[in-house]
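As structure tokens, one chain now follows by itself in the form predicted alone.
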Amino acid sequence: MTSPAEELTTLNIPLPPALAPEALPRLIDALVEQGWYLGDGVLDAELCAELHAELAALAEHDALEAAGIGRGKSLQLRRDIRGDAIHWLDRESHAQRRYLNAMGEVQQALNQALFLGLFEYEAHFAHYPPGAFYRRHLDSFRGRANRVISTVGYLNPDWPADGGGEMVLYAPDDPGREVARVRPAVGTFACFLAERVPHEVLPTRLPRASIAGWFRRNASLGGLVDPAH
């Protein structure tokens, strides 16, 4: 049985936008001016509810993988650094497709406005159980990075003020100076330069649900497109 949204897609009727229409120009301006963007209520509430339910079902059925640090052969499981569990988005559900299509719109806007040459977007669900955190880090390293811009979309409804789990952003030119503290409330969307903005996730008191993603450049090498590094 198809959902109403899937029936609209079959009939080629446009779906409601997944992003607030005013978000894109503000996002682009903020990236240029300060290297990061934060917006409340940017993601469509109905879409967030569908994605949250999907992630909750994955967690309930032990279908998430422990997240590691590093990539390729350097990948390590370090629960003293990172405590979330993940599932990569692959368009297997209507909600995933809608979210990834919205990120495609962001990619196109960034390339048109800033000439970044973004090649693709990858993203995963991130589930932080109570007590989990992620120590301060960069998502990419200067000089050998293909992750250019990081994104985080938050899915938790009714997140309390004392729920913890905030993402803290630090100044690109002064890693000791906090510039933003992001409460993981439903619909909030954050975006920042992957190789310049240090950030961390503080310990969460409640199960915390989000989607972490990265816009990437093509780092082809030896005939292989975008090899792991």
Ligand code: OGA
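Don't overthink the numbering: it's just position in the shown sequence, from 1. What you are looking at is a predicted structure, and each value in this text was computed from that prediction instead of being measured.
If you look for the form predicted together with the ligand, you will not find it shown, but the lines that follow are about it.
- Checked against the ligand in the predicted bound form, the candidates 47, 201, 42, 191 yield a single residue with a heavy atom inside 4.5 Å, and that residue is 201.
- Across the proposed site, 134, 208 and 212 without exception bring a heavy atom within 4.5 Å of the ligand in the predicted bound form.
- Of the candidate stretches 149-157, 114-122, 101-109, 87-95, only 149-157 has residues with heavy atoms within 4.5 Å of the ligand in the predicted bound form.
- In the predicted bound form, the ligand lies farther than 4.5 Å from every heavy atom of residue 27.
- Contact annotation for residue 55: none of its heavy atoms lies within 4.5 Å of the ligand in the predicted bound form.
- For the chain shown alone, residue 167 is a contact residue for the ligand in the predicted bound form, at least one non-hydrogen atom being within 4.5 angstroms.
- Contacts between 77-106 and the ligand, taken as any heavy atom within 4.5 Å in the predicted bound form, involve only 82.
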